[in-house]
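Next up is one chain by itself, shown in C-alpha cells, the form predicted alone.
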C-alpha cells in the first residue's frame, strides 16, 4: 500500500509541531503558488504565516543561497565570523531607524529573537518586568511564550509564566475592551498600572505588535502608537516593536511602526527576513545587546546561508519597492472583500494594513457573535477550491491573509473569487462538520 504524504507524516512527526486547517501536502512552490502532492496549484494567501515574503523559489533567494552553500563560510557566527552575517547586520542597521551605537543579534525565528532580547534587556536595565498586550504573540519558546497574551497559546499549552508580567488590553475598534475612546482607555489603564502595582522602576520594556496578528489582525486607531511611545518615554520604559510578522514591507511601509512615525528602542525581526529560511534578528542599543549577562547562544546563529537569504530578501523588498505593491494589493483585496460583504452577511468586519488583512466572520452582525465553526469551513473549502489561508483570533473566527509581497493584481483577483465561492458554499451548507473535524486549527 502506498501511503500519502500526509499519512506518512502522521506516523513520524509530532503533533506538537503542527497547526492544521485542511489537508496540506506540498511538494514544491513557485512564486505565490504551492504545488500539492496531487499536482494541484494552490494560491498561497497565507504565505506560510507571512514567512514567504518573496513567495517561493524567488530567483534572488535561490542565487544567494546557492552561492552561500557553495562557499559555506563556516556554519555560524558564534565563534567565527563570516562575510554574509556581517554584511546583513550592516544592511539592517542602515535600513532601520535609530540613533546612537547599535548592534544586531542573529537567531533562527521570531521566538528566539524575542526570548533573547528580553534576557538582554533584563540584564542591562536591572528591571525584571515586561508589559505586553492581551492578544499579542511574541513566540513559542518558554521565555517568549510568557511574554505573549494570545488566548490560544495560554489555554492550549502548558502555561509559561514570567514573574511580574503585565498584560494590558489592546485598543480593538471592532471588539472594544472598554466603552468610549479605546485609545485613551487603553493608555489610561496602562498608566494606572504604572501608578499602582507595576511601578516604572520595575518595568524594563513594552512588547508591541503594531498590527496585532494572531488576536485577529487588529489595527489600532490613529494616535495609539504615538501615545504609547510618549508614555514609555515619560516613564523611562523601552519600547520594543515585534516586527516578526508585520515588518519588512507587509503593512505598506518598510517597518510597521512608520505608520505613525514612531521610532522604537529595540526591534525584532523574523519570518519574512529569511524568505523561508530560518533567520531572525534583533536591532537595538549596544549597551543592551552587548551586555555580558545577556549571553544567548545558539550554535548556528548567523549561519552564512540564512544570512545570504536575508540579504537577498532585504535588497529585493527595498530595491523593488515591494512595500508599495503590498499597499496597492492590500487596497485591492480589502476593497474587494468589502464588496463581498454586501452579498455575504457572514463578513462582519474587514481590516488590515497592506498585505496583512483580517476578515472577522460573524453569525450576526448586530451582536457580532463570532462564527467560529463557519470560519473553519470557509478555510477548508477555500483550500479545496485552490487557495490557502488560515484563521486567527481569540474565537478562531478571523480569516487571515498574509500572501507574498510579490502578489500580482491577477492573483489578488483570483484569491477574492475563491473566497467568494467558499463563503457561498459554507452558507449553503455544502461543507459538513465531519469534513473539518480532523483539522482543529488553533
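Model, not experiment: these values are computed from the prediction. Residue numbers count along the first chain shown, from 1.
Heads up, the form predicted in complex with a small molecule isn't pictured, but that's what we're talking about next.
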- Among 220-228, 341-349, 171-179, 240-248, mark the stretch whose residues have heavy atoms within 4.5 Å of the small molecule in the model of the complex. 240-248
- Of 137, 132, 303, 256, the only residue with a heavy atom within 4.5 Å of the small molecule in the model of the complex is 137
- Query: Ok, 323, 92, 146, 109: which has a heavy atom sitting within 4.5 Å of the small molecule in the model of the complex?
  - Reply: 109
- Message: Is residue 265 part of the interface with the small molecule in the model of the complex - any heavy atom within 4.5 Å?
- Response: no
- Could you tell me if residue 329 has a non-hydrogen atom within 4.5 Å of the small molecule in the model of the complex? no
- Hey, in the model of the complex, is residue 209 touching the small molecule, heavy atoms inside 4.5 Å? yes
- Message: Against the small molecule in the model of the complex, would residue 360 count as a contact residue? Criterion: heavy atoms within 4.5 Å.
- Response: no
